[in-house]
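Take a look at this single chain in structure tokens; it is the form predicted on its own.
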Amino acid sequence: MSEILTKSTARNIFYGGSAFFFAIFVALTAQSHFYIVNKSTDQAHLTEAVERGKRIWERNACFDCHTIYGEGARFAPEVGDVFKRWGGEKDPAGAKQLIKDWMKAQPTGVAGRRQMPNFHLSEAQLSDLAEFLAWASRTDTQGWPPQKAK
């Protein structure tokens, strides 16, 4: 057996295998990037208002309680599909207004329920956040989350 697998043969197998799997890794990374950019993300509706809404989401650390696409804390409901759940497919303006009104009404004061803080956002900030949540609902999540929020 030692005559068959020499040091140089073992080295060539190692380098050849490493190059082969590195090439596969690069190809799969390129395919994933192509899919995310061209298929799953709603680039047509990615506006400055959506970007500002994303910054508001991050600045107020909404992910400390909520999840979006399963990322974030699981303390409060998933909001990646809140726009759809609140009727955004049939009445987009009404769903955006509902999101804004919900944010203004916090905390609700319902006994026995954890309270969401009121961030005292301006009307423009609320509109941007609603635009971000509307945009997020149009992302192809490939069936994620597996259970719809109630």
Ligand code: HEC
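One rule holds for the numbers: they count along the sequence shown, beginning at 1. Values in this document were obtained by computation on a predicted structure and should not be read as measured data.
The same protein also exists as the form predicted together with the ligand; that form is not shown, yet it is the one meant from here on.
- The ligand is not drawn, but in the predicted bound form it has a heavy atom within 4.5 Å of P117.
- Though the partner is left out of this view, I68 does not reach within 4.5 Å of the ligand in the predicted bound form, counting heavy atoms only.
- Within this chain, K39 is remote from the site of the ligand in the predicted bound form, having no heavy atom within 4.5 Å.
- The closest non-hydrogen atom of H45 lies beyond 4.5 Å of the ligand in the predicted bound form.
- Residues R52, K84 and A105 are none of them found to lie within 4.5 Å of the ligand in the predicted bound form, as judged by heavy atom distances.
- Taking the ligand as positioned in the predicted bound form, the residues of 42 to 69 that bring a heavy atom within 4.5 Å of it are, in sequence order, W57, N60, A61, C62, C65, H66.
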